[in-house]
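Just one chain is shown here, as C-alpha cells, and it is the form predicted on its own.
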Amino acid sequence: MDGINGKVVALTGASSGIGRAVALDLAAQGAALVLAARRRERLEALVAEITAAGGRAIAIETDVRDRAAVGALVEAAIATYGRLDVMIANAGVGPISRLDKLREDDWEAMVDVNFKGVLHCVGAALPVFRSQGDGHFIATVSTAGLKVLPTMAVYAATKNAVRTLMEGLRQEAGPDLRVTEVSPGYVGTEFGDGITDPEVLSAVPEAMKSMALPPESVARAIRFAIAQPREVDIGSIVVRPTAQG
C-alpha cells in the first residue's frame, strides 16, 4: 500500500508538539490513527478534533516505559482496524542539565522513555509486521545527537542509541519492512516544560523564540517518508531551522 490513505498508524507522544502535528497531518491524508500518550484528556480532545474533521482516530492512554502498555497499544490497532502499517516512536523527555548537577533521576527518565520506550515499540510491532509481510518503523531522534552541546550529554546519548538501533533494525528488516529515523532541530514544542534545572530552563524561551520551527515542519517530513512506494526506504531525515548552527 503506497501513499498515506488507508494506512493504520500508531503514534506515541501524540498529545502535544510534534506528535500532535503528525496526527493531524496524517489524519488529513486519510490515515487511521491509534494515538498514544500519558495525558488522556489531551488525547481524547485530539481524537475529537480529528473525527470532527472526518478523520479516523482512537486514543489509548500509554506510558511507553511500560512494555505491556505498548503491547496493548498495538493490540488495540489490530482490534480496531485489523492491521498496523506504521509504528511511530515519538514519545520523549528532555530534562537536560550539566553532568556535574548529578540529576540521576533525570538521566534514568531519559533512558527509560527515549530509548527503552522505542525498544518497547519495536518489540510490540515487529512480530505484527513480520506476519503481515509489511510495515514501517519511524523514530523521532534529534539533532542533539549530531552536534552534542553542554547540558545535552545524556539526552543526546539516548537519541544516538535510538539512531543506532534504527540502523541495526534497518539492516535486519529485509526487503519487506522500512525503517526511518527523523532528527528534528529546534522545534516549537513543550520541550522546555520538562527541564528541571532552572539555569538551563531560563535559556530555552529565547532560543525557541529566535529560531524554532513549527511542529508541522517535522510532520511534513514524516508524511514524506511514509508516502513513498514500498520499495523506497527513507532511512534518515534531518529537519532543522536555517538559523540553527
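Fair warning: this is a prediction, and the values are worked out from it, not measured in the lab. Just count from 1 along the sequence shown to find any residue number.
Keep in mind that the form predicted in complex with a small molecule is not shown, yet the notes after this line are about it.
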| item | value |
| --- | --- |
| Contact flag, S97 vs the small molecule in the predicted complex, heavy atom cut 4.5 Å | no |
| Distance check, Y155 to the small molecule in the predicted complex, heavy atom within 4.5 Å | yes |
| T189 within 4.5 Å of the small molecule in the predicted complex, heavy atoms | yes |
| Contact test in the predicted complex: A14 vs the small molecule, heavy atoms, 4.5 Å | yes |
| Interface segment, criterion being heavy atoms within 4.5 Å of the small molecule in the predicted complex, picked from 128-136, 84-92, 162-170, 97-105 | 84-92 |
